[in-house]
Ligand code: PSU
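Next comes just one chain, in structure tokens: the form predicted on its own.
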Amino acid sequence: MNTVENRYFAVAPEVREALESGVAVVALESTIITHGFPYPANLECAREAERVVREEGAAPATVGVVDGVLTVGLTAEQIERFASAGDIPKASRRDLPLLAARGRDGGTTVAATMVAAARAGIDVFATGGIGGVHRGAERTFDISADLAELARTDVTVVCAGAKSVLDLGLTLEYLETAGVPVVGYGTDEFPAFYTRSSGHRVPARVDTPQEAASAISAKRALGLAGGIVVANPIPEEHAPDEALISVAIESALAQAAREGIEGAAATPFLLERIHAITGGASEVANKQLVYANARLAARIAMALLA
């Protein structure tokens, strides 16, 4: 562990001990808790993701901003607080200084979680889906900060692709331009979050955690900045009907357009509408893909230490 803690950045004792002892550690984000699911489903998801990481022999490190402190390794009490509060804002890279200065809480996005993980010396991070290029970005320029973070921060992100409400083709184009390796885990096709297929091929494929770890090690040996996206399709037995998801997405997008919902508010709104339209099927799928990504991330983190 080679980080310096201060009044704005802290690593929990369990996580610090794991890093200093050479135990594999997996970072987990807290926006899933604050914005991903309603209470108490969000609390259930956060606890289960941590349990899955531990089951694989690694240590979980859920990241969040607590009273202005970017914290790596939320306690059980802090996770429950984040799950039940209902008014904790999203925290991306741009938000961290203001939240710190004001002593506020924040649920960390992919970008902010990568910042914290890199500073703590954590190599692998599991999430649901990364942000990306929004549909209509040629008009709105709405592109997630997650993509810029992947281009500069050396953390591997295990995800079920990008959220399916986005423009997946343009998201892959952006990542290519930014020099971010994207590999499919056991697939030649970029997964579409809720579903296993998107119609877009991935540039490369790995089939074992060891192969993924070798790619991470090779990138570092070459001195290349930035992260790697490991795109892990939702387990087949938990994937909802593609036609149902497609109809729900189009309906949610149309409603968002009618109501003028854009920017940071768009994704939470769309996910909530898709949940309602699918009768909860999307929520079940979302949980299962998070758990699958946490398990794979733990295995990759273990392989990096082998």
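Just so it is clear, the structure is predicted and the values come from calculations on it, not from any experiment. Numbering starts at 1 and follows the sequence shown.
Keep in mind that the form predicted in complex with pseudouridine-5'-monophosphate is not shown, yet the notes after this line are about it.
Contact with pseudouridine-5'-monophosphate in the model of the complex holds for none of Thr62, Val155 and Asn293, as no heavy atom of theirs lies within 4.5 Å. Residues with any non-hydrogen atom within 4.5 angstroms of pseudouridine-5'-monophosphate in the model of the complex fall in just one of 70 to 78, 125 to 133, 173 to 181, 198 to 206: 125 to 133. Residue contact with pseudouridine-5'-monophosphate in the model of the complex: Ser144 places a heavy atom within 4.5 Å of it. A residue is said to contact a partner when one of its heavy atoms sits within 4.5 Å of a partner heavy atom; Phe193 meets this definition for pseudouridine-5'-monophosphate in the model of the complex.
In the model of the complex, at least one heavy atom of Gly36 sits within 4.5 Å of pseudouridine-5'-monophosphate.
Within this chain, Ala58 is remote from the site of pseudouridine-5'-monophosphate in the model of the complex, having no heavy atom within 4.5 Å. The partner is absent here; in the model of the complex, the one residue of Ala231, Ala83, Ile234, Val110 having a heavy atom within 4.5 Å of pseudouridine-5'-monophosphate is Val110. Contacts between 15 to 33 and pseudouridine-5'-monophosphate, taken as any heavy atom within 4.5 Å in the model of the complex, involve Glu29, Thr31, Ile32.
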